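Below you will find one chain, with nothing else, as structure tokens; this is the form predicted alone, and questions on how it binds or moves follow later.
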């Protein structure tokens, strides 16, 4: 079997890359180790930067997004008994759109299959060969037999635990990581959101977040210990603890109900360098992980795909490989800035043990930031997404 671009992973990064390439007549094959039902059922992020929205529109997978997405011009910060609003429209002339990653994945799968795109589900990639040459290939197991996919380029969009990054030469690969001493217990419920915009809370009992997926479906989180277990939290216990960490007006407005999904996610910051190894390119969670506090995970994946798709299009259309050669450099510049913002927002909103001094510093920083135009501008600019350089804008 042969294609131009072999894509490992059918998450948003892999699907979006395949769709953008297809619109330019570039063939790709997606290899996904999980089932389609599993991929479509994963509960993930839901806040899209304007750049991500623009890219989904460019990929022509925006019909439902335009109809159902919720445009937010700001977000809330609760601390020290106060609720402040960061006005992104005022300070950064932009906004974000709330639309669940699960829905984005479904939209893109439908688009790829409707266009005759090739996606092999339950295909376990076992080896990426010869990516230091012009003739790489991917060996995978599907339907009980081993197969080989020959290609010009390999896009590793297979997540943190995938084969793509593990295949990179260890003598070249560098990894940077910070693991946080807490996790997020998240609940999805078929209830109207308690707040009109995403709202973060710094409380002496720990961090809390009010978010949503639609006007009738809410997503809430609370900070918990890393050794906590989902089974230790009944729905009632979760709602009670969430209310304790929120201002009275939000807690009283909250509508509770049975959880549709409940899980605990660990938090870490992670970056791999470089992102290119000959004809093998890393994108999305294979290349970087951010704590979800800044809503950057999906958006960084889309940013990688924006750069990689344009670079591949230039290579096939104009025989110009210069953008491919700069892929790692361009992506890492944006990645580290998003890592910084996600790390910073995490450090000022979460409790780090019984550190009374540290908590006072957090409150002081939040107070300064929300009273300063410069501080609000910094937060707003980063939250809506930093601009792309030409020709990636």
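If you're wondering where the values come from, they're calculated on a predicted model, not measured in any experiment. Positions refer to the first chain, counted from 1.
Note that the form predicted together with a small molecule isn't included here; everything after this is about it.
Inset, instruction - Can you check 253-261, 118-126, 311-319, 81-89 and let me know which stretch has heavy atoms within 4.5 Å of the small molecule in the predicted complex? - result: The contacting stretch here is 118-126.
Inset, instruction - Consider residue 149 of the chain shown here, and say whether it contacts the small molecule in the predicted complex, taking contact as heavy atoms within 4.5 Å. - result: The answer is no: residue 149 has no heavy atom within 4.5 Å of the small molecule.
Legend entry - Partner contact for residue 13 in the predicted complex: the small molecule, 4.5 angstroms, heavy atom: It does: once the small molecule is placed as it appears in the predicted complex, residue 13 has a heavy atom within 4.5 Å of it.
Inset, instruction - Decide whether residue 351 counts as a contact residue for the small molecule in the predicted complex under a heavy atom distance cut-off of 4.5 Å. - result: Contact with the small molecule, no.
Legend entry - Interface membership of residue 59, the small molecule in the predicted complex, 4.5 Å heavy atom rule: Residue 59 lies outside the contact set for the small molecule.
Legend entry - the small molecule in the predicted complex: contacted by all of 51, 338 and 387, heavy atom 4.5 Å: The answer is no; none of 51, 338 and 387 reaches the small molecule.
Legend entry - Heavy atom within 4.5 Å of the small molecule in the predicted complex - the one residue of 76, 297, 247, 183 that qualifies: Only one listed residue qualifies here, and that residue is 297.
Legend entry - Proximity to the small molecule in the predicted complex, single hit among 326, 44, 64, 36 (heavy atom within 4.5 Å): Partner contact (heavy atom, 4.5 Å) among the options: 44.
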